[in-house]
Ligand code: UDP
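Only one chain is given next, in structure tokens, and it is the form predicted on its own.
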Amino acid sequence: MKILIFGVNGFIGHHLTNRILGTTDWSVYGMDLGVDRLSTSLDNPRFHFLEGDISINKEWIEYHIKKCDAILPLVAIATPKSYVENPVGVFNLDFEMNLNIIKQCVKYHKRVLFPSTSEVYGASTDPEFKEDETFLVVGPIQKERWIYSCCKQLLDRVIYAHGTRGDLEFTLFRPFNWVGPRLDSLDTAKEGSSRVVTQFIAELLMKHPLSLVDGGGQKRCFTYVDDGIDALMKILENKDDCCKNQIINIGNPHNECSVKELACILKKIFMEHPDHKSDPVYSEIVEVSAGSFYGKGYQDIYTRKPSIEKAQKLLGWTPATGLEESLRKTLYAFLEENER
């Protein structure tokens, strides 16, 4: 197979590329703005990379969509701070630019694996989110953090409408808080724009306080990236068309913890790390308001737990990596990369 990945240098993109090149005879064609996560792939003859922008390199995009067997549009702004500070930018990239790619996939009747998000479930109060049953509940317009969820949900609906009418073949996959090596950079964390796990790890490294927004009672289910990539590979293999026109949660419901518990676990792991167990001082854990941390357009979600019955049934997939092991591997990799 020929796999086309937009955002190939991103967190999911580079891990998937490494897995494909390391375990199959498939070829990967990728586009992104940089290559810093792709060092192990660049010299592989089955990896074909263009440093480019999905809003500019339109001829390259159309040619490779026509040429490839499966397309993964992984380009997106996916950090809550950005939803509040730059909602129009989120809309332009996450919706409009990705819609252009979907239109090309329709033109050539291609297969699309689209990264939906756990955020589409919004503020649902269901104890577990089910792909085909849970109501998608979002907040008021002035809470601008919902623009990301709405962009993804509308693209889900557009892709579903095209797919069920035979214009393309799709699988919508919904990652639930994937973590692992190279999730975010230290520079991103310094700006306060990284995801919560790497934000906390960076704060521990820099001896800054770990900020619990509104007390840190929000619960999330953290999924180790290798487990997530296992599921994506099964979707790409798509034996017996088991994933055709399906929506699939990819998460680990057993790895649920509150943000406050997350901070405590990461601090414990950091204090046990061989290079930091004798540090003279460690970060404090403090409470801050959502308004002071994110701005007035923020609104939080207090539970986000996936049902993975479909993934188990369709893919034969169950995540294998526990919470503390997932966090330890992520933290150790971050420290190794940033303390060289």
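All of these numbers come straight from a predicted model, not from anything done at the bench. One rule holds for the numbers: they count along the sequence shown, beginning at 1.
If you look for the form predicted together with uridine-5'-diphosphate (UDP), you will not find it shown, but the lines that follow are about it.
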**Prompt:** If contact means any heavy atom within 4.5 Å, which of 88 to 96, 166 to 174, 195 to 203, 237 to 245 contacts uridine-5'-diphosphate (UDP) in the model of the complex?
**Reply:** 195 to 203
**Complete:** Picking from 80, 180, 115, 122, the single residue whose non-hydrogen atoms come within 4.5 angstroms of uridine-5'-diphosphate (UDP) in the model of the complex is 80
**Residue (of 267, 162, 110, 220) lying close to uridine-5'-diphosphate (UDP) in the model of the complex, criterion heavy atoms within 4.5 Å** = 220
**Message:** Please tell me whether any heavy atom belonging to residue 282 falls inside 4.5 Å of a heavy atom of uridine-5'-diphosphate (UDP), as the geometry stands in the model of the complex.
**Reply:** no
**Prompt:** Does uridine-5'-diphosphate (UDP) get within 4.5 angstroms of any non-hydrogen atom of residue 69 in the model of the complex?
**Reply:** no
**Request:** Find out whether any non-hydrogen atom of residue 62 is located within 4.5 angstroms of uridine-5'-diphosphate (UDP) in the model of the complex, and reply yes or no.
**Result:** no
**Prompt:** Would residue 294 count as a contact of uridine-5'-diphosphate (UDP) in the model of the complex, using a 4.5 angstroms cut-off between non-hydrogen atoms?
**Reply:** yes
**Asked** Who in 291 to 307 is close to uridine-5'-diphosphate (UDP) in the model of the complex, meaning a heavy atom within 4.5 Å?
**Response** 293, 294, 298, 300, 304
